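This document opens with one chain alone, in structure tokens, the form predicted on its own.
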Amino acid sequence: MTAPIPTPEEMQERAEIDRSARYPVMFLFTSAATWLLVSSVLGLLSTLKLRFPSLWEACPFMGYGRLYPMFLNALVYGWAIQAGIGVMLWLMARLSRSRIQHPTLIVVAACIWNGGVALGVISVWLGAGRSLPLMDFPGWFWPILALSYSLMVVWVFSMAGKKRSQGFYVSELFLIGAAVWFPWVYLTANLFINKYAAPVMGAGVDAWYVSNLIYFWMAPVGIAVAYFIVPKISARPVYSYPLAQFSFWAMAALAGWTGFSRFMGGPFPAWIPSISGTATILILIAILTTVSNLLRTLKGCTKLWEYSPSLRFTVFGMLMLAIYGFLNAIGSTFEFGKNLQFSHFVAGMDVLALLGFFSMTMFGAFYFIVPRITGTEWVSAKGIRAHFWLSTYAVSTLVLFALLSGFAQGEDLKEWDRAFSVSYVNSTPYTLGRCFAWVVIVYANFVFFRQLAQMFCGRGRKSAGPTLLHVEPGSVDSARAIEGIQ
């Protein structure tokens, strides 16, 4: 298939859209990258504390019970949410062919969000956390984040409502879903935990919130990116629009039932974890449908991922989503979940979703979007390659060791007469491997942050040629040209 050549009018329109998105999107991107680097350091410190408990034992501020929640909240609310919102705004502007209105208001809302996240993380550091994963911030805190999120995402709906001669693109469908679902999930969880739920049910609601944050927000945003980048770079239409719509509606119908399987055998009616586990298994169908649809779209031009950084990160992120869905389905069965639900396996699954799937997909979006809104190219293809391979190695190692230590813990925990300390000792070698993986992650994210900061400061490469892997800058117009794909 020959890639359509945009007319001068279309190119001018795209340039105007990119100019309108430059300041709000780059502010969100650089803020998110800063939080990513901060959370990476906190992840390393918390893992070191887990492996060497005597470290900083005289300092209560450096306890694992504070470091790990700081890491998780900084990673999700500082990095993931802001990166996702920036991508949502640019994608919706391009797909709806609308300029972003009131960019200054978006920057102000982003400043409020960053200030709120910073205060929340500091509150946890000072001991005001609530020991509820991703709901650790003090109870009075959530309206600040809810308000700032609304002020940023409202423009997604404004652009989506623009009159058009054609229907919605697949990516738009997922973006609108994510924009609607997050406020519902966030408000519901906070109202139940802060106002209505008893402490036991509060733990269940928190597990429901974590699961739905992944399936109702991160997964739709990541899939929207994939359905934009894969056809764009390969110059192929999506293999099957009905399959894409099926995966969207299947996720919409099933995701809200997931989460409670983390507490199978707990103080809940047995049918609640059972239905939750069933929904988690069934949602794997939607995930595999999406990944299969994307791979079929790439059929015949898979070698493009060797040269396109955006495609490389995006495809890897989608494969990690498939692995996450598969392992999550296994962990939701009683046979496996009863031994793994209170082990390192859960932490490994969270890292797989946040760093393996979502972060890698966002990196792919960043490498595609930033040159278009800054008017400059990435400084170093070598740096991009280093970022990819270091991240791939470190995330894979981190997840593998977390899962293996979870299985080791699970074998010990199922023996009723075995002390809990035995499970800790047996999982110690795997924790040492996780420490090394975190060192690599910190360096990889620093490499990414340095290049993004150069782009933000206008110090990117001025060449008109795209930044492609294994190719001299400016020597070809696109990755397709290398492979002779028209």
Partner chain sequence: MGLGICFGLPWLILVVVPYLSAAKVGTFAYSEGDHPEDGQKVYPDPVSQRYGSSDYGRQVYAAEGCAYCHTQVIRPTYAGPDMWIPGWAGREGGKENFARETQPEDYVTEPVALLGYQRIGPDLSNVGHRITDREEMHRHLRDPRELELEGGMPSFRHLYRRSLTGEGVEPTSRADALVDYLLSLKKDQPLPAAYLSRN
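Positions refer to the first chain, counted from 1. The structure presented is a predicted model; accordingly, all values stated were derived computationally and were not measured.
From this point on, the text means the form predicted together with its partner chain, which you will not see here.
Student: Is there any non-hydrogen atom of P429 lying within 4.5 Å of its partner chain in the predicted bound form?
Tutor: Output for P429 is no: heavy atoms all beyond 4.5 Å of its partner chain.
Student: Given that the partner is absent here, does F216 sit within 4.5 Å of its partner chain in the predicted bound form, heavy atoms only?
Tutor: Looking in the predicted bound form, residue contacts with its partner chain include F216, since a heavy atom lies within 4.5 Å.
Student: Indicate whether its partner chain has at least one heavy atom within 4.5 Å of a heavy atom of P60 in the predicted bound form.
Tutor: So P60 counts as contacting its partner chain.
Student: Taking its partner chain as it sits in the predicted bound form, is F407 in contact with it (heavy atom to heavy atom, 4.5 Å or less)?
Tutor: Contact check for F407: no, nothing within 4.5 Å of its partner chain in the predicted bound form.
Student: Would you say all of V205, R262 and I272 touch its partner chain in the predicted bound form, counting a heavy atom within 4.5 Å as a touch?
Tutor: Contact check passed for all of V205, R262 and I272.
Student: Can you pick out, from I122, L147, A253, L105, the residue that has a heavy atom within 4.5 Å of its partner chain in the predicted bound form?
Tutor: Of the listed residues, the single hit is A253.
Student: Here the chain is shown alone; which of K382, R296, K338, K303 has a heavy atom within 4.5 Å of its partner chain in the predicted bound form?
Tutor: Selected residue: K338.
Student: Sort through 97 to 105, 338 to 346, 218 to 226, 309 to 317 and report the only stretch with a non-hydrogen atom within 4.5 Å of its partner chain in the predicted bound form.
Tutor: In the other structure, the partner sits against 338 to 346.
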